[in-house]
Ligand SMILES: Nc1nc2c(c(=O)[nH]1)N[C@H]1C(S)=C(S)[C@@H](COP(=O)(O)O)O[C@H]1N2
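The chain below stands alone and is given in structure tokens; this is the form predicted alone.
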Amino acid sequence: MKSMNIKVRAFVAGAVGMIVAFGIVELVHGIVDTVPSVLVAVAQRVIEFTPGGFATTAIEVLGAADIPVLITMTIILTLALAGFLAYLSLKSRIAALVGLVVLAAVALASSFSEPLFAPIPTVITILGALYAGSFVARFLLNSSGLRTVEPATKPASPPASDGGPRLAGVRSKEAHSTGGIAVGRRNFLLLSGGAAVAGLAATGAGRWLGSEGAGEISSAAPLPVGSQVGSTASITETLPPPLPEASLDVTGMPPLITPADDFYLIDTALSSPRINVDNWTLKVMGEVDNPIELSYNDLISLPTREADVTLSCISNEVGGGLVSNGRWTGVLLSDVLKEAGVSPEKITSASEQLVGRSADGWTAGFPTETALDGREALVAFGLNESELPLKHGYPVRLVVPGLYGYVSATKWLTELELTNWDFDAYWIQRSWAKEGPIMTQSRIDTVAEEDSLTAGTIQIGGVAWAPHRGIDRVEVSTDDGETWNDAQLAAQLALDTWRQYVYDWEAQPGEHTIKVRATDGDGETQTEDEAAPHPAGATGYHTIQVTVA
């Protein structure tokens, strides 16, 4: 029992010390954004070094919970390791010191792999935080009577107890301990709890400060054109407001244009790179006649335009919410490539893939000819008539109609490289399909699974999408696919966007299975064959069960 008590106290001391260290780093990170969050940096390296097959399985099993689970496991394992090192220090301080050095090395290596970090402040912060955490752990070990400090000379024998009163919360030292007064269990818990609360408070303050800084780059900021950035640029091709007939006034129908705050968000980056637009450049390199490097002002001085484009994530399940429609502002990707001497007739096997590279090193690649086939592929700096939000790729990202994001939608864009088809980008290395055309899909939004409905007219509606092909027809079945009924379609906003539909169903009492299917502008009806998102995108009909009373 005594041995177990020693282990528990040592573990608590080490874990609390690590919480304090985390808190210091997070607080500095919130104040100085060029000092990375060590927790995020380590978790990011775990993502990068996880074998592709395992990463894909984790995504399939955990879905949107994969990142929270990773962060939680990283915290638990780090605290457990810190607790183990604290216990190890009771047996061998040298071994514990070696373990601490390894922790420091991992933290520094992970942080140095983050984009836009400042080396000297990062080193000082990490080493200082680990020292502070070690100090707290050592203090708790000493106060608990678990650490012994050998005196220079043997102390005189203490006088015999006179049976007088003893201080509350203080117990006499263990027979082998000479490291000062040791507190009782209650006071040890108070000391540990206080230190842990301080560390957590520092962590919370750091995260809050960081979010406040990120909030400065928000979806409410004006577009960076004209005199606002000291340039003569202007949006040379604007779009009128969407026509009223492009939207259907049906309860539960998603808005035609998705608000920036509601736009779906999937990233491998655990923390959005904060890029100083004054220092940002876009390189066009690789197999090009004229490699170029554009500043932000250079980019927006090119002819700009607005385009309505629906984006979808490869990991979206049939009927899922990882699809959104936005009005994007930017420069045609073909115009940027033209500046580098790229044209359709010059594409060779050495330049048939266009790779976008993010500030954090993430890559996505697609056929170069896709950028030059007339579609409104954009190097975008605006969303919904406002500046591009940080979490969606500020200052610049790629938007390519008709392709899933994993092969095209590079956020925080810094490089465009023309290379051969042998290069495998980030998700291709992790066993996803090389090409990623968005499947024709449809979704039921106005009625939900297991709804209890009242007999009478029920409006079954939602959205259907087939970017760069458009939607020509949507059909709804209320009898599990036995019969199909044409739905009313809103006007098509653009071939690259989703289209709203509604079917007025005269519902009768009973159990009903509702399905929806869409036909694209090429005359192809979406397949009913069911497939999971991996490796090339989910297929099948969105199907729900309802009860009508």
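From 1 onward, residues are counted along the sequence shown. Here the structure is a predicted model, which means the values were calculated and not measured.
From this point on, the text means the form predicted together with this ligand, which you will not see here.
Contact with this ligand in the predicted complex holds for none of Ala15, Asn142 and Ser192, as no heavy atom of theirs lies within 4.5 Å.
For the options Ala95, Ala433, Leu265, Ala205, the residue carrying a heavy atom within 4.5 angstroms of this ligand in the predicted complex is Leu265.
Leu311 is the sole member of Val474, Leu311, Leu378, Ala129 with a non-hydrogen atom within 4.5 Å of this ligand in the predicted complex. Heavy atoms within 4.5 Å of this ligand in the predicted complex are found in one stretch of 257-265, 74-82, 338-346, 243-251, which is 257-265. Proximity of Gly405 to this ligand in the predicted complex falls within the 4.5 Å heavy atom cutoff. Looking at Trp362, you'd find a heavy atom of it within 4.5 angstroms of this ligand in the predicted complex. Taking the partner from elsewhere, Lys411 is found to have a heavy atom lying within 4.5 Å of this ligand in the predicted complex. Proximity of Arg305 to this ligand in the predicted complex: non-hydrogen atoms within 4.5 Å are absent; the residue sits far from the partner.
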